[in-house]
Every structure is written in C-alpha cells, then in structure tokens.
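Below, in structure tokens: the form predicted on its own, a single chain.
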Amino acid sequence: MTDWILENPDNVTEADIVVGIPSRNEADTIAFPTQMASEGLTSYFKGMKAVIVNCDNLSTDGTKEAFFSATCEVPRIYVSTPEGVAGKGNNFRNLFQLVCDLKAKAVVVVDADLKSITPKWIKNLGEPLFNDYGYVTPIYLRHKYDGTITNNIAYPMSRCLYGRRVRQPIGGDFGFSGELARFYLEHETWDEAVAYFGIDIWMTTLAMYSRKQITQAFLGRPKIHRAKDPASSLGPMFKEVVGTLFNLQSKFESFWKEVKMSRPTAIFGFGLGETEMPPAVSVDVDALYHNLHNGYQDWKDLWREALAPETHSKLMEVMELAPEHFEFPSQLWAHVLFDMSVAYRDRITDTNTLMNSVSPLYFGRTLSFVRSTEGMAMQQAEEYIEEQCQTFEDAKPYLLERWG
C-alpha cells in the first residue's frame, strides 16, 4: 500500500505483537490508552518484539503529537490515511497491511477515547492469540442503556445467524491473529460501509464465518468512553453497522442456513480485576417515541412493502399504543429485522433509503427495551437481553421461510 502516511521513528521492521489505536481527532484522549498499552506490553509480553500503532485519519487537532509524546517504553509507528480518505475501517485496513508487513503473530486494538483501560486489558485481549485463538472480543460491564445497537441488533442477529454467543460483536476493543489480518486484507466483501463504522461487525462476522477459534476476554472494569443517549441522532454509524450485517447475511447464506442453534463462547480471564459500576446513561424516552412516530410518517409505505403482511399488521397495533403503555415485543422485533434483511437482499429500494427506514423502528424497540428494564439491576437486564436473543433463535424458521 503506497497511499498511506507513515512515520516509523524507531525503524521497526518486525514484531510479535502489535497494539493498534484507531483515531480521528483524539488528541485529548489518546495518550492514556497509549500509556496503558505500553505498560501492558512491557508487563505481560516480556521478551517479545512489540509496537504500538496509531492508525489515524489525518487528524488536525494534534492527535499524532499527543500519541508520540505519551509516556511509553515501546516503539511507536504512526500511520494515516491520505487527505480526503476518512473512515474507521480505512484505518484498520492500514493496520492489517502493516501487521502483514511486520509479520506479527498477534494484534490488539483499543479505542482512542478509552478512559477505563488498564494494562490487564492488553494481557487479556492478547494472550489468547498465543494459545491457538484467532479472535478475541471484549466482555466488560456496560450500563444497560450503553450499546443499544449491540443489545437489540448486533448481538441477537449475529448469534442467531452464525451460532456463536459473542456478547460484544461491535465492542471496539479486539484481539486477532496476524493470519486473520491477512484474511481481512484480502476478503472480497470489503465495501464503503466496512470502510467506515461497519468494520467491527464485519471483522466479528468474518471470524465466525472463517471458523476461527474465538474467545471473549473479561476486562473487569466497565467501558468508560464517550457514551451517547440512545435517543440522539444515529448518524451514519447505524446504517453502516446494520447495512454490513445485512450485506454479509446475503453473502454467507449457505453458512448460516445450516446453523441450528447457538453455542457459548469461552471467556478468558473471568473474575480478574475490578468490578466497579459503569457510569449511568440517561435516555430521553419522549424523543424515542417521537422518533418512531415521525419515522412512520416518512416510511409507512416502505414498511408496508418490506414487511410480511402479518408482521406489518402487528407493527400497526404497536404504533397505536400510548407512550405509557408502549411495548414492541421481542418476537415482532425479530420478524421486523428478518423481513428487512430480505428486503435488503431483494433491493426493493436503495440500501441507504432502506436503512433510513429501519432506524425509527430501532428507536421504537429501544423505547420498549428501556420501558421493560427500567426497574432492573444490571444482571436482570442482562438476562432480559439473553431472553431476547433466544427469541431470535426460536424465530429462525420464520427467517428461513421468508428467505426462501
């Protein structure tokens, strides 16, 4: 790859383990995860050739300078996309290429805005990669309203389709083998959505599809980062994550059609570290309700076309519920997403329009989730999410019938 911007002041030419930190204008936060990565590498991977890589989007706020000035005992490389090329996935693509060039065996990736990372995160995400695992996803304590796209779409859909219980398929902090990096670099399903926020679900899905050994790393502390109110504007992230999920569903149908049920995924390092409570996430429930009903005005014709008649009829009953009695049942939600995945495959409209029509339905399901779990402790809410996933699995014959 020749169109990257590369600074390698320590002239690193090979590595056993790489820690990647993708960024775009993270000057105020990147020093801390860089320092924690350095401490993790020097404490737990002694004797190995290690390097920390900031894979950036040509930040204009001094991210590169903050990265190089962080307290760090490990060699560092800065790599950036060229001017005019944005996207988290494009940052990862540079990382995949660099990992292949360095012939690294293991890669750990952590978010640049992490406030709760400890050196042990590097250990738990990296160590399994030297013990025959190919892919490591995180398990951390999250507030029940942090990660609603994960809880209501990415986790239940990926678990139902591919048969692996991977709790945080778009968690942002991962470990993967050098071999998997090459697989990613060469895979033909790369597209524009993956080049942006579709990257996390793409990596997790391909790891499942390639039948790599997967484990989940228990990280002890909650993920503390820039959490958002689930009722706020979704931006492009929603479309890119769900669009990638649906696109890969079409590409890998021969694989997931054979999957009958899900199986648990091993947890590495469980019980280690602190168990403090994650910070609260407030939710504007009125905004969720209005987002759903405003979306109905915009998308009612498309919903009628995309959804099976019985699904559409039940959805219309939900639309008539007053805010205080609102409920969007899990089974109906599963049927809605399955129908939308079929509409995506059949291209009943352009994918951007279809994704825009799904987002108000997601707001409705999120409102129902909040209503159902507002009196619950974290563990009870977690059990509710697991029950929702089982509902998706139980509804899979409906998907197979609709898929045809």
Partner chain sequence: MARIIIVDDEEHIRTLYTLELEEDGHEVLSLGTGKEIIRHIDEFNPDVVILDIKMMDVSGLDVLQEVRNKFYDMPVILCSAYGSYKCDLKSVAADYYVVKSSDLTELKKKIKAALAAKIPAKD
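Given the structure is predicted, the values throughout are model-derived calculations rather than measurements. Residue numbers count along the first chain shown, from 1.
What comes next is about the form predicted together with the partner chain, which does not appear here.
Stretch 253 to 261 is the contacting one of 97 to 105, 295 to 303, 253 to 261, 312 to 320, since its residues have non-hydrogen atoms within 4.5 Å of the partner chain in the predicted bound form. Across the proposed site, Y209, K212 and I267 without exception bring a heavy atom within 4.5 Å of the partner chain in the predicted bound form. In the predicted bound form, none of the heavy atoms of R182 sits within 4.5 Å of a heavy atom of the partner chain.
The closest non-hydrogen atom of Y78 lies beyond 4.5 Å of the partner chain in the predicted bound form. Shown alone here, E383 lies within 4.5 Å of the partner chain in the predicted bound form, counting heavy atoms only. By the criterion of a heavy atom within 4.5 Å, R165 is counted among the residues contacting the partner chain in the predicted bound form. The contact with the partner chain in the predicted bound form, taken as any heavy atom within 4.5 Å, belongs to Y133 out of Y133, Y196, Y289, F238. In terms of contact with the partner chain in the predicted bound form, the residue from I139, V285, V281, I149 that brings a heavy atom within 4.5 Å is I139.
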